[in-house]
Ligand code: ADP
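Okay, here we've got a single chain as structure tokens, the form predicted alone, with questions on binding and movement later.
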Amino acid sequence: MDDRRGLLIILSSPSGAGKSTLARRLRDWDPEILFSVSATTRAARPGEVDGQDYHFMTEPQFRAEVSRGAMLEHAHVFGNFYGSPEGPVRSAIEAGRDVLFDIDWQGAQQIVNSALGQHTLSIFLLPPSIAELRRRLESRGQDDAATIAKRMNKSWDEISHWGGYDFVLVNDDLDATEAKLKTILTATRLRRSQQPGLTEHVRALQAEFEAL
């Protein structure tokens, strides 16, 4: 019996803690893991494909989806709405596919409290130190000094919510943290709630036992 229900894998961390790198490594390790495609009300940028990069919606469409409970989580960021549609995620996990979410603590909380909450695996990544977090942000060479300062100011608010996650890992060594993530995921896939065939299997065992 190897059928299973998929997981909603939530990865959260302050910027610079290694979340994006570890998410990519997880998907390289298991290409069957899907990355959640968010819905947004912002306009598509050149080269972006609807349904692949984002599900692009008008604001009335987005609000209607939220009203009928079709978003696992949503937020208003810099003048636009962003959210995770429930339909594609539910279809994926019922087909035994895991879905990976790269979201903040607020989105994570909404998903955990959603109709699919029992199938979540939430993991928070901590940096080894604040000094190292700053060093990583600076070494990426992606942001100017003002943006780095903004990310650093936001980092403590994010870190302060570490207690709301199933697992918390200090990412002081990327390879070691990757190995721990794989162990956590492998074990959680065997959780009772993820094995829909268990009840029927136990009933078959009971019937076999009673026939003795």
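In this text, residue numbers run from 1 along the sequence as written. Being a predicted model, the structure only gives us computed values, none of them experimental.
There is also a form predicted in complex with the named molecule; it is not shown, and the following applies to it.
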Does any part of residue 132 reach within 4.5 Å of the named molecule in the model of the complex? Heavy atoms only, please. yes
Check whether residue 189 has any heavy atom within 4.5 Å of a heavy atom of the named molecule in the model of the complex, and answer yes or no. no
Determine whether any heavy atom of residue 139 comes within 4.5 Å of a heavy atom of the named molecule in the model of the complex, and answer yes or no. yes
4.5 Å heavy atom contact, residue 174 and the named molecule in the model of the complex: yes
May I ask you to list the residues of 6-24 that have any heavy atom within 4.5 angstroms of the named molecule in the model of the complex, in sequence order? 13, 14, 15, 16, 17, 18, 19, 20, 21
